[in-house]
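Just one chain follows, in the form predicted on its own, and it is written as structure tokens.
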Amino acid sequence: MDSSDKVVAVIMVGGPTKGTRFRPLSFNTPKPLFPLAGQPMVHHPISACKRIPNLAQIYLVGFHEEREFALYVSSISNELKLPVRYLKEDKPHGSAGGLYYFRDIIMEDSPSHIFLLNCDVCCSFPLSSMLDAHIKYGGMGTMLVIKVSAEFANQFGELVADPDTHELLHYTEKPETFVSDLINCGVYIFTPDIFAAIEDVSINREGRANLRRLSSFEALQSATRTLPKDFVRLDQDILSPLAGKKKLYTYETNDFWEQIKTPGLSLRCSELYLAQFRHTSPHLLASGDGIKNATIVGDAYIHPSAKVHPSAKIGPNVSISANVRVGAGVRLISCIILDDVEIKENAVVINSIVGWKSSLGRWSRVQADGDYNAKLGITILGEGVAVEDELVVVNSIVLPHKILNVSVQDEIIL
């Protein structure tokens, strides 16, 4: 790549019609701004983009209200000394359609390459090495891929790639039968030719609609199956048809990867990012010896504004957000503690997420088995939940603004 060539990054952040599996944590906070390892979910791909050579701009594309992202976009632009801009879709356009909808803005800097990332992906984002590979391949696009166990592969887009050239030969989204243990990670790099490919899908779809001569009943049936011409999916509409045409290639990662579908997986991804901080941002990890500061075991993040008693023991895999108060003798293991939470003396939190402004009484226990994939594998307290003294909450989800005055297990408290 020429040193004068510019690169832009587009991060798809979705909108309020998505993310229902993330409730109750997404009731008042957009999923992309939910903190993992003390940083908003979207912060991790943005930080990775910062390391791309010749990066001119980062765009966040979605249909959340602009006011929900305004403060974050302003602060991250200032922190990274790099323009970050939120682009609000008028309606969902699909993963490729959203890119096309803002093509004129995205191409303002005349970039030679466009990164496209999904916000709800957790990985090490090897973007610079991916760019090098993409330039060497010489195709229109390169996608990040990873090998997973065969039993989980059909939950994602499965693909077949040439082992020597890395060309994408076949792609199918969530197949009913096993195709491959190689899956799509939701991280891509394209040349601007991607816009012509998306436009072709729209034109062909419109053309087929105009050619159709159907009875009114058939037209009604067809309408329920036909997508709008400006709704273009990257996987089914672009990747599948272009596979095997020497246009798309793959770059395999051997590092960690997860899709952040549920609150349980957010706790797992927080753990992965905390472990990554050891190499990328060690200054973000807490330390303490139990004398002047709390005892820290393994990887933990503690916001500078949090007040943690020196007799508390924190970690591993703990993230403590702003203005949290942790009392004497508290034990925290594998948990996310959100803003303005108070945890009183000798309380214990294990494999749980404690929502904003919640309070845990003295000698209380909030815990779970820690199965990130199970519906009640972690305990979740929504915003403003109060757990009274000496109560135990196990493998449960508690919706916002509840007061618990009895112990609960394996329950969803509505």
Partner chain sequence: MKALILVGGFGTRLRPLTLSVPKPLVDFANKPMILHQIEALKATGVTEVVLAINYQPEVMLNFLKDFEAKLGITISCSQETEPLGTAGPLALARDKLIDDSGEPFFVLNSDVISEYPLKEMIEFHKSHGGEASIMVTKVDEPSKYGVVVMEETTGQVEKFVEKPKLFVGNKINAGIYLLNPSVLDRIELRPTSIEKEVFPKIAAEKKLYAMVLPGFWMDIGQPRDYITGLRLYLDSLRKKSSSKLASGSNIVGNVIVDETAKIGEGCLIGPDVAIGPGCVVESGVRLSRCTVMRGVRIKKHACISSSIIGWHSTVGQWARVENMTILGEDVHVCDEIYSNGGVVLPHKEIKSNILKPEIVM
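All values derive from a computational prediction rather than experimental measurement. Positions refer to the first chain, counted from 1.
Missing here is the form predicted in complex with its partner chain; even so, the following discussion is about that form.
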property	result
Partner-facing stretch of 23 to 31, 374 to 382, 361 to 369, 56 to 64, counted where any non-hydrogen atom is within 4.5 angstroms of its partner chain in the predicted bound form	361 to 369
Close approach of Arg331 to its partner chain in the predicted bound form, 4.5 Å, heavy atom	yes
Ser47 within 4.5 Å of its partner chain in the predicted bound form, heavy atoms	no
Proximity of Val392 to its partner chain in the predicted bound form, heavy atoms at 4.5 Å	yes
Residue contact check: Arg268 to its partner chain in the predicted bound form, 4.5 Å heavy atom	no
The single option of Leu36, Val42, Ala347, Ile353 touching its partner chain in the predicted bound form, heavy atom within 4.5 Å	Ala347
Candidate from Ser112, Asn323, Thr165, Ser311 lying within 4.5 Å of its partner chain in the predicted bound form - any heavy atom	Ser311
Residues of stretch 396 to 414 in contact with its partner chain in the predicted bound form (4.5 Å, non-hydrogen atom)	Gln409, Asp410
